[in-house]
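Just one chain follows, in the form predicted alone, and it is written as structure tokens.
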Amino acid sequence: MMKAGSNSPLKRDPALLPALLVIWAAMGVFILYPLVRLLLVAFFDDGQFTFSHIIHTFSNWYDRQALYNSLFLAVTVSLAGVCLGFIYAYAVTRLALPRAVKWLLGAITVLPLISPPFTSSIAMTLALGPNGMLIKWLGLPNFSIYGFWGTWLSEVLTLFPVAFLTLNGVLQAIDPNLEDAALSLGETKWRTFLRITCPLAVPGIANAFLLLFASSLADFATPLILAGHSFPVLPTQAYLQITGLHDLKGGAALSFVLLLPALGIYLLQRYWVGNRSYVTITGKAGARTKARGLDTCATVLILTICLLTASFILFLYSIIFVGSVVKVWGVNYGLTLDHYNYVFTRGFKAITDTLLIALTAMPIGALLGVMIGYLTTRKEFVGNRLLEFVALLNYALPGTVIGIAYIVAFNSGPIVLTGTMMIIVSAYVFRYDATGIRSTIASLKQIDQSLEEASLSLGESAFNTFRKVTLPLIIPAVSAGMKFLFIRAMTAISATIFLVSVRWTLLTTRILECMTELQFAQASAFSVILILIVFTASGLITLCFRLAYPRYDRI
């Protein structure tokens, strides 16, 4: 595996081989082994290779409809989410708005990111479902939020912040001097936007589209609450195939069908990102001018869209809070704290279990993310790119596929983990350490290796060089990876819905149980507590890093 010869990386760095062996062993058990077992279940029956399960899946018109619906939903959500994210990012980076307004627009987009994926679904059910507030106000007794449109709207509101964050960085990187030069040559603002800004933002737009497509394709909770039987999608079909019909082979076959487009998108994304240059700023650039934006009509239109969207998001989250303190939504709006009493008594185990699992997964995932990011960026060895590809594979696949693969792999020998805390922690660590890996790689690529070489030439060991030189410079990336992993460990459900047991209960599964039992008030109270925990923990993580590294904000 390793390069031979006197200049072998093994001889230059004796710690490299043990580190690679540990990482590959862990990824072999928790990434590759479950996927291989999933494929064996989908393609083998009584020891014989067969396509019968896949053929049965495609012969069922309901499953074919679920595949078509999943792809159609993913495309439409991606298009709308990218448009909305671009408008938001353009408003924040290119319009002359007060700083407070820009901060408010950015802060509101964070809400869907730190909430359980079905929070907007709960709010929309309370607002537009049976006995919904808006339904009564608007006088639409026959309106139904269930089906395609409800699922589409909820996913767009939940996922467009991902496009906003992606495009915000891309638009910030585009030097306004380029647009200023076009304007000084006589171009109009619209032609400058279409011929300068948009082409430079195309890689970011494509990347955001692929991210949203994969996220929508993998979304499990929103369709489960809002899609209903009239709009089946593959993730919920696979879940119902296993939990409702107890058909593990059928669920594995549906997972394989879901795996193909997700894997295709992952490969396309890596090809796109890896073969294009995004450089728009060089060390020879002069002072940046202020962005001039678009004409007045376009500016008013952009601000109107942003403010309406922000208002609707705040309205939905207000409904969640109000729904948690009224007696019976739609019937008795008298105030009560009984639902919070329910959360802190009958739901307290879910709070402690979720916190324990998240706090266990966070440091393990952060350490693994830093190790993989550092090795793939700073060390040369055979299989470097393969290591990064496999490490990010679980994040690219739908959570439903990961959950089913873990059940197939660890429900029977040789490794039995079903019902344990370890199986949930492992699913989180090897699925959500991707952000830590990517952010570590991005940070390391911005750091000149001469800094580390200088430390080594002065006699410091490789470990001390990493601890004293490299680690302080990538602390923001480590912090971001830890916060993301903690948030996802607190809010994820698509994979863990298959892994929870009587011994381990999670907040997200309790919220989903309340929704399916029409206990909307209890579901809202659980959601409010979950959001508060995530907000508080995220702030504490940042505070700890600032105390440990006083230069944290200046890195």
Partner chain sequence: MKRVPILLLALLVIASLLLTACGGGGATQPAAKSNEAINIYTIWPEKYSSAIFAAFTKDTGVKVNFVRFSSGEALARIVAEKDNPQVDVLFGGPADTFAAGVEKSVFEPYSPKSADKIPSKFKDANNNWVGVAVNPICFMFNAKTLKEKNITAPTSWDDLLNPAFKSGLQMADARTSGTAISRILSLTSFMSEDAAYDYQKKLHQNVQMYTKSGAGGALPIATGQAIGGVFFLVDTLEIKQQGHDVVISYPKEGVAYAVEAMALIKGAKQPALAKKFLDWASTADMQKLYEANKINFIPTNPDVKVTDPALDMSKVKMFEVDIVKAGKDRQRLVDRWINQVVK
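In this text the structure is predicted, and so the values were computed from the model without any measurement. Numbering follows the first chain given and starts at 1.
One more form of this protein should be noted, the form predicted together with its partner chain, which is absent from this view; the next part is about it.
With its partner chain left out of view, which of Ile447, Leu263, Leu367, Leu355 would have a heavy atom within 4.5 Å of it in the predicted bound form?
Here the answer is residue option Leu367.
Using a 4.5 Å cut on heavy atoms, which of Ala253, Met482, Ile242, Cys306 is close to its partner chain in the predicted bound form?
So the residue touching its partner chain in the predicted bound form, by this definition, is Ile242.
Given the stretches 367-375, 81-89, 206-214, 154-162, which is the single one in contact with its partner chain in the predicted bound form, using a heavy atom cutoff of 4.5 Å?
Answer to the contact question: 367-375.
Looking in the predicted bound form, is its partner chain within 4.5 Å of a heavy atom from each of His53, Lys102 and Gly323?
Spot residues vs its partner chain: no contact at all.
Although its partner chain is absent from this view, report whether Ile497 comes within 4.5 Å of it in the predicted bound form, heavy atoms only.
Yes, Ile497 lies within 4.5 Å of its partner chain in the predicted bound form.
Its partner chain contact at Leu543 in the predicted bound form, heavy atom, 4.5 Å:
Because no heavy atom of Leu543 falls inside 4.5 Å of its partner chain in the predicted bound form, the answer is no.
Might Gly436 be said to contact its partner chain in the predicted bound form, defining contact as any heavy atom within 4.5 Å?
Answer no; every heavy atom of Gly436 is more than 4.5 Å from its partner chain in the predicted bound form.
Under a 4.5 Å heavy atom criterion, is Leu458 part of the interface with its partner chain in the predicted bound form?
Taking the distances in the predicted bound form, the answer for Leu458 is no, it never comes within 4.5 Å of its partner chain.
Using a 4.5 Å heavy atom cutoff, which residues in 326-344 contact its partner chain in the predicted bound form? It's fine if the answer is none.
Contacts from 326-344: Val328, Trp329, Val331, Tyr342.
Once you compare with this form, do the C-alpha atoms of Gly132 and Gly347 lie closer or farther in the predicted bound form, given a change of 3 Å or more?
Farther apart, which means the C-alphas of Gly132 and Gly347 are at least 3 Å more distant in the predicted bound form.
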